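In the form predicted alone, a lone chain appears below as structure tokens.
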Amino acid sequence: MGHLSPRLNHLRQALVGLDPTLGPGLHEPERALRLNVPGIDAALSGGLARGAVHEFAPAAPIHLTSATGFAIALAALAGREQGETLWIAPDFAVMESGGPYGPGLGLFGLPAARLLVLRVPRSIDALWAMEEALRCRALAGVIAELAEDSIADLTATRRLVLAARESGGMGFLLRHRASGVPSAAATRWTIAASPSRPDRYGGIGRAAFDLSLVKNRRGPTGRWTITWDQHERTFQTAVSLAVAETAFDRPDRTPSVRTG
């Protein structure tokens, strides 16, 4: 990507002046968190912006685990070189979906030794704690779970974004369900589970995600299927699974056969 023209650079600076939440990572693609999936990195103008907040939600309640797994993978990727991850969990969110499990997170690529867990009574406390934590330069990322929808509105997320800009940190807001509430987040993702290939021994394969980027302040939206290699801490484009063709010589409705 070439250098920005003076006129375009002036326009972007003016936009940031009108709304400071437009600024995270706008001029620093080299600092972005690259996912190493060409289509995604291109859509994000180099990768996920640092100094920003990103939102994740499941495509349906059954996919909450996948949305959580994607947030964990990003946190592991962000803290690959240095820094710790703070996980903020309101009591209700823990009662609804369970809390972080250290050994499992370690196997998924986020070592327990580099994870801090904070339990708070209410979702509003989680937002306050996230805002304060995002100002800490020692943290590679901050994950906050929200079981409630309207609590993280445009005003609240703007405060989070401004806090992230101060330190250059990354905030991962994990909503338990998709939300139509306006948000200042740099990106919003809807996530579902995707079939994965078994390993060479026939066991469980790599985690696979069906990602829908539904909001992107830095470019286009899109949809991708990727896998997470927890050992190398890297994403890869998923390989399509082979599916047998439907037999052409059978009726549309096969009659049921009663046995016994």
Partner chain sequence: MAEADPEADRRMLENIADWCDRYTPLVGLDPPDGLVLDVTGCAHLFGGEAALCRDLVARLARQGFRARLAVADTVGAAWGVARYGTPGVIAKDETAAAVLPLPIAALRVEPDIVTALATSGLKCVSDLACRPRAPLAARFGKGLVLRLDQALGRADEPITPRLPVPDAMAEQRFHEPIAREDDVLGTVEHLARQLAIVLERRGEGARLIGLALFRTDGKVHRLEIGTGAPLRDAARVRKLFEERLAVLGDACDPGFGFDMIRLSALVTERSDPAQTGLAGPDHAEDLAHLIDRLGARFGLRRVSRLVPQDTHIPEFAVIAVPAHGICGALAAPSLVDQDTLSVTRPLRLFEWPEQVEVMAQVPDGPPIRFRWRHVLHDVAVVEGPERIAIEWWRDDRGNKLTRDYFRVENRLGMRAWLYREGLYGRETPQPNWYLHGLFA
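Whichever C-alpha set is largest while still superposing within 1.5 Å between the two forms counts as the rigid core. Just so we're clear, the structure is a prediction, and the values are computed from it rather than from any experiment. Positions refer to the first chain, counted from 1.
This protein has a second form, the form predicted together with the partner chain, left out of what is shown; the following refers to that one.
Each of 107, 119 and 194 places at least one heavy atom within 4.5 Å of the partner chain in the predicted complex. In the predicted complex, residue 199 approaches the partner chain with a heavy atom inside 4.5 Å.
Taking non-hydrogen atoms only, residue 160 never approaches the partner chain to within 4.5 angstroms in the predicted complex. Contact annotation: residue 79 falls outside 4.5 Å of the partner chain in the predicted complex, judged by heavy atom distances. Residue contact with the partner chain in the predicted complex: residue 65 places a heavy atom within 4.5 Å of it. Only one of the listed residues (152, 186, 86, 74) places a non-hydrogen atom within 4.5 angstroms of the partner chain in the predicted complex, and that residue is 86. In the predicted complex, the partner chain lies within 4.5 angstroms of at least one heavy atom of each of the following residues of 191-218: 193, 194, 195, 196, 199, 202, 203, 204, 205, 206, 207, 208, 209, in sequence order.
Residue 198 shows a C-alpha shift of 2 Å or greater between the shown form and the other one [criterion: core-superposed Cα displacement of 2 Å].
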